[in-house]
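In structure tokens, the next block holds one chain alone, the form predicted alone.
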């Protein structure tokens, strides 16, 4: 049985210098910031980490840097998704070597696979790091691979280290069916920050999110309120998440905006890499005003 991941897992941005090179020296400060915020670990080199804009060597270096900051109390999950299966297998084997607690992978996104091809691809990837749980990264908006977990999981239930999914989608029925399947054998981590409460209601216990980088206590309050039966309180905190997500949705690039927000919160992760939007000083000032208008700086710490 897979040991399910509970609580909040932050999806870190990749810190970068102004010239677009990765800034490994920022990782220790970043990790301390996340530990202090109360998250249970990190999901590195994912979409928030601009993984598919990074070189193979950069992804290895980032995984190494984060591994130095992680332990049993602060979990490391490494995203190893690639269009190249051999490269994905190498990344997974490296994650196992450095002591990660799990891997996750978005499916190939150029040659779009069907259901059986997805299952075969993950079966091969799971074999590359057999001691690590492997999560399917379900994000159809980015991968364009839109299959149901209710259809995929039965095809992989004999793969001992296939754990479940990081679920960045809106189909709550599929999420609940996946959680209940095969006696609760699979783990499903919610990946839509703005829908955390909905996921808790149908049985999710863990979540991976980008806005946990700078407002994790808000989501801790959602979980705490829900567990205490305070649904109104949970809804109140979730509505604050909605206010922030609307700022991201209006931005030229939500990912670049998230990096800018984290920088405004004291962890300078630099600009996003091309082809994403690059925030100017004027953009930063405008963003700061937009955040102040929704009271973000007053409630981001969960108070």
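Residue numbers count along the first chain shown, from 1. Keep in mind that what you see is a predicted model, and the values were worked out from it rather than measured.
If you look for the form predicted in complex with a further copy of the same chain, you will not find it shown, but the lines that follow are about it.
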{"item": "Touches a further copy of the same chain in the predicted bound form: residue 113 (any heavy atom, 4.5 Å)", "value": "yes"}
{"item": "Interface membership of residue 156, a further copy of the same chain in the predicted bound form, 4.5 Å heavy atom rule", "value": "no"}
{"item": "4.5 angstroms heavy atom contact with a further copy of the same chain in the predicted bound form for residue 93", "value": "no"}
{"item": "Contact of residue 220 with a further copy of the same chain in the predicted bound form (heavy atom, 4.5 Å)", "value": "no"}
{"item": "Region of this chain that lies against a further copy of the same chain in the predicted bound form, out of 53 to 61, 23 to 31, 37 to 45, 261 to 269 [heavy atom, 4.5 Å]", "value": "53 to 61"}
{"item": "Interface residue in the predicted bound form among 101, 172, 127, 147, criterion: non-hydrogen atom within 4.5 angstroms of a further copy of the same chain", "value": "172"}
{"item": "Any residue of 197 to 231 that, in the predicted bound form, places a heavy atom within 4.5 Å of a further copy of the same chain", "value": "197, 198, 201, 202, 226, 231"}
